[in-house]
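Just one chain is shown here, as structure tokens, and it is the form predicted on its own.
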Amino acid sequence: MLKAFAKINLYLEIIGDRPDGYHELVMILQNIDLADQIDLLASSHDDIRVYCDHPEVPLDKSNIAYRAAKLMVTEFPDAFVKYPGVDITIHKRIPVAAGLAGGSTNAAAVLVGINLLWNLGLTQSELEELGATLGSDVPFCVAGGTAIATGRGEQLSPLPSLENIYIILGKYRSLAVSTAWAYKTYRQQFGSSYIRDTNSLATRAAAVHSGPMVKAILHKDAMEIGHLLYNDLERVVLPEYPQVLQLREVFANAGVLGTMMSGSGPSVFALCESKEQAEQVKLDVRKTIPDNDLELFVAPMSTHGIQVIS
């Protein structure tokens, strides 16, 4: 049994294109204590089976948790002979298609869990390296805490953990934003500003503006962190999705430290000084937007990655 935590972006800057077709990014990633529970059981049916209590989560080979298990089977065939089957049960609490790395964190939990189940003895770094082949967010979901992510998001440098900062998070159940669409649209609209000299470290470094946010995190200055929240993808998502823009504006008017869309959306979060403030903001937002389709969550920031419960 493992806890797989959601992820928000405190900072997301698009630098340019990469030779592999992805975008060159600089992000600051943060776990929050909103988590799915993943149960892994060895079985005798010589197969990988996925179960989930959420109707929108696929149970076939397209599920990234399934692909994580399949990767372990491919990488460690001798272990699979000894432990021929695995049942993966996902108890979903992280909103689906929300820009919160819900699928990626499930995959990370499967990697961590099978490592323990099969007694493989892999290090965290080895698990992160395996995770990078599944998706850009998976390595961070293994590591957790607070980190700078570069490359396409898989190259991590840890930062001091942030504690005692609460967030209020909102997401419309029926609303989804395609990550591929968001990045493609950004490229179409703002590609002329991309750094083309990708081989020049000096050129790339000069294009990065995350320094003040890193400094604020080092000083654990919650007010300054809230002030410096930044996400390039808001430039294309907010004009296209008025519900996301409205939710962001309602948070901004509620006296929070700062508010922003997470990743490619459509989740919006706000930083609060205390749990009490976050709960009050939740009540205020619910009064302003009395829409049953809007899910609201209050959670503290988390200091670790996948957590083994039993």
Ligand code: C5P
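Quick caveat, the model's predicted, so the values are computed rather than measured. Residues carry their position along the shown sequence, with the first being 1.
Unshown form predicted together with cytidine-5'-monophosphate; subsequent notes refer to it.
Colleague: From the candidate stretches 209-217, 121-129, 106-114, 174-182, select the single one in contact with cytidine-5'-monophosphate in the predicted complex, where contact means a heavy atom within 4.5 Å.
Modeller: Partner-contacting stretch among the options: 174-182.
Colleague: Looking in the predicted complex, any heavy atom of residue 136 within 4.5 Å of cytidine-5'-monophosphate?
Modeller: Yes.
Colleague: Is there a non-hydrogen atom of residue 235 within 4.5 angstroms of a non-hydrogen atom of cytidine-5'-monophosphate in the predicted complex?
Modeller: Contact check for residue 235: no, nothing within 4.5 Å of cytidine-5'-monophosphate in the predicted complex.
Colleague: Residue 25 near cytidine-5'-monophosphate in the predicted complex, any heavy atom under 4.5 Å?
Modeller: It does: once cytidine-5'-monophosphate is placed as it appears in the predicted complex, residue 25 has a heavy atom within 4.5 Å of it.
Colleague: Taking cytidine-5'-monophosphate as it sits in the predicted complex, is residue 152 in contact with it (heavy atom to heavy atom, 4.5 Å or less)?
Modeller: The answer is yes: residue 152 has a heavy atom within 4.5 Å of cytidine-5'-monophosphate.
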